[in-house]
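In structure tokens, the next block holds one chain alone, the form predicted on its own.
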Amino acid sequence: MTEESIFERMWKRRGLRAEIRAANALAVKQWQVEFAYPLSILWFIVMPFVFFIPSLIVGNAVAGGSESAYLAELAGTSDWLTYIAVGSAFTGLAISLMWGTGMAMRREQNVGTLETLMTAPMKRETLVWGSTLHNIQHGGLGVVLQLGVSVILFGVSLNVWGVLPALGIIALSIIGLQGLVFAVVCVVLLAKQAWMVVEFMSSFLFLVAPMTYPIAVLPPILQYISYGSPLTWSVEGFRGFLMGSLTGSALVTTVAALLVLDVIFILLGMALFRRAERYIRSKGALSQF
């Protein structure tokens, strides 16, 4: 009788608080899975530097020092080392969100738990948001680790007063990126083994985003596409605050563009996800491989 009453209370839970608790439980579950495999911890430590070290070597070979006059003309700063370090750190966070969260449902499907989760007393979107919460924590720790080591070992210079505004940019960026993640989840649900599509989407977004080079070096058509991506404005804002170069009209433009794109992408992404999820359930294809 006691078990039945607890079960009934679970199904009666409603509201934002219940969804947050469910998302947190999903995030904790994923941490438990990762810590059960030591190699995943090692990869977590090494991964941020995989993206930074090659760029550091190439930058040093091309610039021949810690300053670049050409970069100053294009991006307003000659400190290419810090420019690349901050952009590479944000790359790790973006990859964690897009790949980790985008493929979350595929992982649940592989271990046979997706149908069970779909019948749990929570909104379908919470399944995705729970994985997002985990990957924010995972990718965020990677950002802190990479920037900390970059400052200590490579002499990267960061604006301490820009840390809090940079965290605000990350908060805004998560909303827009989550819209992209919902689109990735749709592809995974419909195409099942869709890593090729996810790889193409993420690679293209990283190509047009100013992670390790300014937008000005891209061909004109790619520059226009870049300005329509929330990833572009996210990394520009994050880097701008940490380098102390985002002020005045540039600050207003960056935040305004990010807010507009956040609304567009999250609404479109959630609409696509709901439609794809209903379609998959109507076909009884949740467990199909």
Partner chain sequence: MTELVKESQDRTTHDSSEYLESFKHRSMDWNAVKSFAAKNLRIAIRYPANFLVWGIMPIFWFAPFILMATAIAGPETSAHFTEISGFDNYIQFVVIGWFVFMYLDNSIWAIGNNFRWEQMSGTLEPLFSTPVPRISILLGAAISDTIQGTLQALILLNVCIVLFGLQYALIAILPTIIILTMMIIALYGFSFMLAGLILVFKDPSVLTQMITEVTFMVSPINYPVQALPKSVQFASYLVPTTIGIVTIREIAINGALDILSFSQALAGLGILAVFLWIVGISVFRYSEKWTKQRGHMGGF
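Numbering follows the first chain given and starts at 1. Every value quoted in this text rests on a predicted model; they were computed, and no experiment measured them.
Omitted here: the form predicted together with its partner chain. The next part is about that form.
Quiz item: Among 50 to 58, 228 to 236, 257 to 265, 242 to 250, which stretch has residues with heavy atoms no more than 4.5 Å from its partner chain in the predicted bound form?
Solution: Partner-contacting stretch among the options: 50 to 58.
Practice problem: Examine residue 214 and determine whether its closest non-hydrogen atom to its partner chain in the predicted bound form is within 4.5 angstroms. | Solution: Residue 214 belongs to the contact set for its partner chain.
Self-check item: is_contact(residue 28, its partner chain) in the predicted bound form, heavy atom dist at most 4.5 Å
Solution: Although its partner chain is absent here, residue 28 would stay clear of it in the predicted bound form, with no heavy atoms inside 4.5 Å.
Quiz item: With the partner left out of view, is residue 169 within 4.5 angstroms of its partner chain in the predicted bound form by any non-hydrogen atom?
Solution: Heavy-atom contact with its partner chain at 4.5 Å: absent for residue 169.
Self-check item: Contact label in the predicted bound form: residue 71 to its partner chain, heavy atom within 4.5 Å
Solution: So residue 71 counts as contacting its partner chain.
Practice problem: Have a look at 207, 144, 164, 190 for me and say which one sits with a heavy atom within 4.5 Å of its partner chain in the predicted bound form. | Solution: Only one listed residue qualifies here, and that residue is 207.
Quiz item: Thinking of 93, 109 and 148 as the candidate spot, does its partner chain come within 4.5 Å of a heavy atom on all of them in the predicted bound form?
Solution: No, none of 93, 109 and 148 comes within 4.5 Å of its partner chain in the predicted bound form.
Self-check item: Within 4.5 Å of its partner chain in the predicted bound form: residues from 74 to 100 (heavy atom criterion)
Solution: The stretch touches the partner through 74, 80, 84.
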